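There is one chain below, alone, in structure tokens, taken in the form predicted on its own.
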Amino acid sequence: MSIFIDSSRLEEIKKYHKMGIIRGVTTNPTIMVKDGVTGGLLGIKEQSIKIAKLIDPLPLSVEVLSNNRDEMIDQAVEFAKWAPNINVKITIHGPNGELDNLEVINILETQHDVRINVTAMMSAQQCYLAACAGASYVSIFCGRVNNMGYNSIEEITKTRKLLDLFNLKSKIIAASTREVLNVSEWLLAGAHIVTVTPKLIEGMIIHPYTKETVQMFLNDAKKLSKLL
């Protein structure tokens, strides 16, 4: 159905947005650190507002910086104020299995009208519970699921069936993409969205045989032009 680009670099986002092929942007602290965002919370805010404005009305996901219950709520409410197209990422649970997160997700969606992207999930059952809590998006880290020796396609298919069966509003984001092949496979399995790095988008577009064919056309065009 659609592709979200994993990036916080304005030049990368602008490049593919101008092509008309992306339908949103996803970030997280790891992406922002890798992309050189500095300045703490103020730096994140400034970069997020720039991205949100660039892609408006397409959605931008920005992740909270804490797993403390009250801090997650406060940060999510604050982040959502930065731009109307910002969604907030919250993990399904804490690093030690803390269970506050689903309550936080429910509070933010139902009481604060903040669109939540529940992230770092590895299974259909996690996605189902996040959807029941009211999440707008449920993100399965499919590349990591495959790395653990399981088939992410099965988890996507089960999640989609559960969402459709119980008429839950959540959209499935297949994340942690490793290969170009993953994109079509995961969309066909039932994901609404696949997150893709700029490098993988380029890999989807460019094919060596296409390059060869285009060069043949250009070579023959030169021959034709000499006959004119």
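Numbers for residues come from their place in the sequence shown, where the first is 1. Bear in mind the structure is a predicted one, so any value in this text is a computation, not a measurement.
Not on display, but discussed next: the form predicted together with a small molecule.
- In the predicted bound form, at least one heavy atom of I31 sits within 4.5 Å of a heavy atom of the small molecule.
- Contact annotation for N67: none of its heavy atoms lies within 4.5 Å of the small molecule in the predicted bound form.
- W82 falls outside the set of residues with a heavy atom inside 4.5 Å of the small molecule in the predicted bound form.
- Although the partner is absent here, R115 sits far enough away that none of its heavy atoms falls within 4.5 Å of the small molecule in the predicted bound form.
- Comment: the small molecule is not present in this chain, but in the predicted bound form one of K161, K169, R178, K199 has a heavy atom within 4.5 Å of it, namely R178.
- Taken together, the three residues H93, Q126 and Y128 all stay farther than 4.5 Å from the small molecule in the predicted bound form, as judged by their closest heavy atom.
- The partner is not drawn, yet in the predicted bound form one stretch among 128-136, 68-76, 141-149, 101-109 has residues with heavy atoms inside 4.5 Å of the small molecule: 141-149.
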